[in-house]
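Here we start with a single chain on its own, the form predicted on its own, put down as structure tokens.
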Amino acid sequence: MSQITQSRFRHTPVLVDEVCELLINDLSGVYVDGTFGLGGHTKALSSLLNADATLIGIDQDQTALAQFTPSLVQQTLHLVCTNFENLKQILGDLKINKVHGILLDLGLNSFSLDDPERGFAFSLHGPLDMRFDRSNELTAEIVVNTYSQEQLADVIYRYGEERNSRRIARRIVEMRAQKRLTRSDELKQAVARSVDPRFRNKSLARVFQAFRIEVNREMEVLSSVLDSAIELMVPGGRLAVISYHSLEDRMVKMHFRELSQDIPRQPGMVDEEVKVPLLKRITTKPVVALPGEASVNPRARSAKLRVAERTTHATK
């Protein structure tokens, strides 16, 4: 396994070798790392690509982008601070029509998770923020203090799959009636008072995940980029997605399955029943970390990599 870390902010990317093996299809092509972070995957790709290849790194966190030293890669490198849902606009600005590969690693960077001021971790004390892009207006504090009890329960259930969602939502409303909730440990108290202590940590993880997804519109953004990726890739171009929870993986799996259907026309069929495969699934089952990687990088234990390739049928 490749070991790629950076010293000031430490982060070890997952499934590096697998991503490189499955994503690269043209050594001189254009590759997008939609979740650049500290650039670990991009560095690995760079080490295998020709010098005339082009790399595009996208991240919402300017602090992360600022840590990267462009001279570490020999290819042309474009770093852009924005959400990867803006990929089409980014390529237009760079006057790039099509790309050969798109990578989306949907996990949190370790340096963001470990920063108490970001409010992502229930194990740390910090503000209820949870924004990837700190210029966005919506924070976890706003969600927790302004959503109705029913809305809170729906967010917790839909994005956290937490069965005690209504009980937790009711507790949050009771607590915020006494004072505005502004700190992560206050949200932690609301959850802890609502669930069986035996399952407390799992519930906390689900609830914090749910609010993070809501604040950053993660499912909406993922759906949008999955829909637009095909038209941005050359035939034979590949889309690789690393997900870390079942909601993301289910969306990617269903999208790849839907667009890879091949149902030729038969007598009596209506147009809607005919399916031309726009994608070819390169991984029919998710690629997971080998035991050696999982043992040294805890983030890798829940990572699932799925890869699909644009077919020649995708004409847009």
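Everything numeric in this text was worked out from a predicted model, so none of it was measured. One rule holds for the numbers: they count along the sequence shown, beginning at 1.
One more form of this protein exists, namely the form predicted together with a small molecule; it is left out here, but the text below deals with it.
Give a yes or no for residue 214: in the predicted complex, does one of its heavy atoms lie within 4.5 Å of a heavy atom belonging to the small molecule? Close contact is absent here: in the predicted complex, residue 214 is far from the small molecule, nothing within 4.5 Å, heavy atoms only.
How about residue 289: is it within 4.5 Å of the small molecule in the predicted complex, going by heavy atoms? No, no contact at 4.5 Å.
Residue 299: touches the small molecule in the predicted complex, heavy atom cutoff 4.5 angstroms: Judged by the heavy-atom cut-off of 4.5 Å, residue 299 is in contact with the small molecule in the predicted complex.
Could you tell me if residue 60 has a non-hydrogen atom within 4.5 Å of the small molecule in the predicted complex? Heavy-atom contact with the small molecule at 4.5 Å: present for residue 60.
Please pick, from 184, 209, 164, 109, the one residue with any non-hydrogen atom lying within 4.5 angstroms of the small molecule in the predicted complex. Partner contact (heavy atom, 4.5 Å) among the options: 109.
So the small molecule isn't shown here. In the predicted complex, which residue out of 38, 279, 56, 53 has a non-hydrogen atom within 4.5 Å of it? Selected residue: 38.
Which among 144-152, 229-237, 81-89, 192-200 is in contact with the small molecule in the predicted complex, heavy atoms within 4.5 angstroms? Correct option: 81-89.
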